[in-house]
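In the form predicted on its own, a lone chain appears below as structure tokens.
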Amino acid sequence: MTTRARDEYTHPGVRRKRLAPAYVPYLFLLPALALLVWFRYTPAFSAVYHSFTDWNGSPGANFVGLEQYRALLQDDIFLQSLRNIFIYTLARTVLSTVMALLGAELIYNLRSFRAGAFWRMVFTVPLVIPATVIFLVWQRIYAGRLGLLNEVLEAVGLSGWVQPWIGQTDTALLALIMIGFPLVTGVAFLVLLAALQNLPSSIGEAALLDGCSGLRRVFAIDLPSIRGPLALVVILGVNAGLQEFAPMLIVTGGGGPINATQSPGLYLYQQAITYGKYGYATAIGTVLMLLTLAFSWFILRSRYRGAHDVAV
């Protein structure tokens, strides 16, 4: 049977005519692709270009080459912000991933369907709360006077630990890292719980018959089986951490005290909006983009190296 005949007949005695050319479905994707290019890729390439200029936001910009990047390397505040964001991202990603995995494992192993549904709702509801509200609540928790954390410490007899948590350089960054503790809620929790629930039940039954304990099963079966979702969670955590600026802006009032919580994202915002140095700000954004791409590539490479669950 010729190719044309195969296209016209799907079953003996049934004639089928092609309703539209094969390229027609791709035409429907063009509007979405155009919006993606215009609103996502065009600003990114524009930022990279303007990072080589002295652009101040007005039409026209003078090309200055690598001058903005040289200034970044000599900017103590920017270098301090890089150090802060690396510590923040590392600690926050590790804590949020571990706690989300712990919460997902606990719910996955619940025998009661109603109990599992209840705790899923408990951990999911905070997703609908605006982040600004959460940051303002934690700002009051960390307050030096009448702050909830200090009041609790005094109530349990630990008045020696009372201190201005976001008002001193030694504890301000740690306070931001712990916002949202126990860090079980969020996309990471939902992704890992869905990955665990998609595991074949036969695997758990076989492990039970072989006498595998619950803790050993987590490390020997669950974690290797959800390497892909784990890599996704880590990449999302790293990307969000490197670009973070909202808690620094809201909780510590702009990266204080003495730039102890300054971040590149917040510094970018300050340089562009406060000082009108858009060329300098785009250079900071370009560095952040390159760092994000580098870390994402490294995580993906680690995920697929020696992997047996995917064909690479």
Partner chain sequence: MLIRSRTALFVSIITLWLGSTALAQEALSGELSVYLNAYYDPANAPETAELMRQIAAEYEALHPDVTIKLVDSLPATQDLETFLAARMAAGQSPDIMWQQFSTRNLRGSSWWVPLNPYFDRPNPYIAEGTPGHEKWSDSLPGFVLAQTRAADGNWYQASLDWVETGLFYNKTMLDEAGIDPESWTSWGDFVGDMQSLRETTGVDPLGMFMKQQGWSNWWWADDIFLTVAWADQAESFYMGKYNDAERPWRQLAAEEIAKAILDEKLVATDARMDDYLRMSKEFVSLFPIDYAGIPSADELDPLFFGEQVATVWTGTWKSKLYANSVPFEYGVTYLPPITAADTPHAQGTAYRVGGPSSAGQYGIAQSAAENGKLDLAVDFLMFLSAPQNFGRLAASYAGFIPMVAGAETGEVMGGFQEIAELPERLFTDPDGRLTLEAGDAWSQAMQAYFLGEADEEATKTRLQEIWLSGANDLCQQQGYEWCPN
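Predicted, not measured: the structure shown is a model, and the values here were computed from it. Positions refer to the first chain, counted from 1.
Just so you know, the form predicted together with the partner chain exists too; it's not on screen, but the next bit is about it.
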Notebook entry, point to check: Can you say which of 115 to 123, 86 to 94, 226 to 234, 167 to 175 gets within 4.5 Å of the partner chain in the predicted complex, counting heavy atoms only?
Noted result: 167 to 175
Note to self: I need to confirm a contact call. Of A246, V64, V48, I273, which residue comes within 4.5 Å of the partner chain in the predicted complex, counting heavy atoms only?
What the structure shows: I273
Notebook entry, point to check: Can you pick the one in L190, I77, A71, A206 that has a heavy atom within 4.5 Å of the partner chain in the predicted complex?
Noted result: I77
Check: Looking at the partner chain in the predicted complex, is some heavy atom of each of G103, C212 and R217 within 4.5 Å of it?
Finding: no
Margin query: With the partner left out here, check for me: in the predicted complex, does some heavy atom of Q262 sit within 4.5 Å of the partner chain?
Written below: yes
Next item on the list: Consider P43 of the chain shown here, and say whether it contacts the partner chain in the predicted complex, taking contact as heavy atoms within 4.5 Å.
Entry: no
Check: Hey, in the predicted complex, does G285 get a heavy atom within 4.5 angstroms of the partner chain?
Finding: no
Next item on the list: Answer for A143 alone: is it within 4.5 Å of the partner chain in the predicted complex, judged on heavy atom distances?
Entry: yes
